[in-house]
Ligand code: ATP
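A single chain comes next, written as structure tokens; it is the form predicted alone.
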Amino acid sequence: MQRERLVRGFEEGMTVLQGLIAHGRGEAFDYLIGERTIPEALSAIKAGAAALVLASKPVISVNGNTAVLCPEELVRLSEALNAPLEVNLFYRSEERARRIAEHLRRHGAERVLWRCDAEIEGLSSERRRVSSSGIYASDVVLLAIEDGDRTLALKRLGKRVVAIDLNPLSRTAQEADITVVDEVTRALPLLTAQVQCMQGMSAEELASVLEGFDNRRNLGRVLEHMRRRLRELSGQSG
């Protein structure tokens, strides 16, 4: 069903062939974690929710794949955080960005940014083009299925990056402040639920959740989970 959504998105001018390739790569890592949300992902979701609730200007970055795979979940999270959705594309054209924005609005989104009037320094790709009232002004950015260059550029600007990425070895996963190693359609509803649970917490309590999370250590545990699972699948133990 996901593959069909992506293909339909390509036919409608929202996804690109490179995005379809990226999805296939993600599926391979999903097999390695068992096609389920593992405890390490839940820990990262909790930390990510704390960062987003604590933020003064959170923004949800949306690319073609996420827009066609889980528009309803993106809208629910946007509403829970009172945060805008911003269309940000590596292979950008005004027509493609507009189509994605319209797609999100058809699924109930009220705050969608897609016109660019600012640039992120240090990037040469089209991802450098952002909204001055969205990603450029944000303090925390949630992104999924992204490229490592933009993650690094956002961090250089002092922004906290929460990433959803099935590949724990990608530059995005390695460089983000918080990495949720999970499939985006599984992770987003859990993240939204966690955000709603945390909205009654104090800033001190939220900060404590963040202080107790170590992204590097959590990614190591994800790799250890994959190692154990491969040993089990191969019929070995120990």
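For every residue, the number given is its place in the sequence shown, counted from 1. As the structure is a computational prediction, the values presented were derived from the model and not from experiment.
In what follows, reference is made to the form predicted in complex with this ligand, a form of this protein that is not presented.
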| request: Verify the contact flag for K57: yes if a non-hydrogen atom of it lies within 4.5 Å of a non-hydrogen atom of this ligand in the predicted bound form, no if not. | output: no
This ligand contact at E146 in the predicted bound form, heavy atom, 4.5 Å:
yes
Please run the contact check for S170 against this ligand in the predicted bound form: heavy atoms, 4.5 angstroms, yes or no? yes
Answer yes if any heavy atom of D165 is within 4.5 Å of a heavy atom of this ligand in the predicted bound form; otherwise answer no. yes
Exactly one listed stretch (208-216, 195-203, 180-188, 33-41) reaches within 4.5 angstroms of this ligand in the predicted bound form by non-hydrogen atoms, and it is 180-188
Taking this ligand in the predicted bound form and a 4.5 Å non-hydrogen atom cutoff, the residues of 16-55 making contact are A22, H23, R25, G26, F29
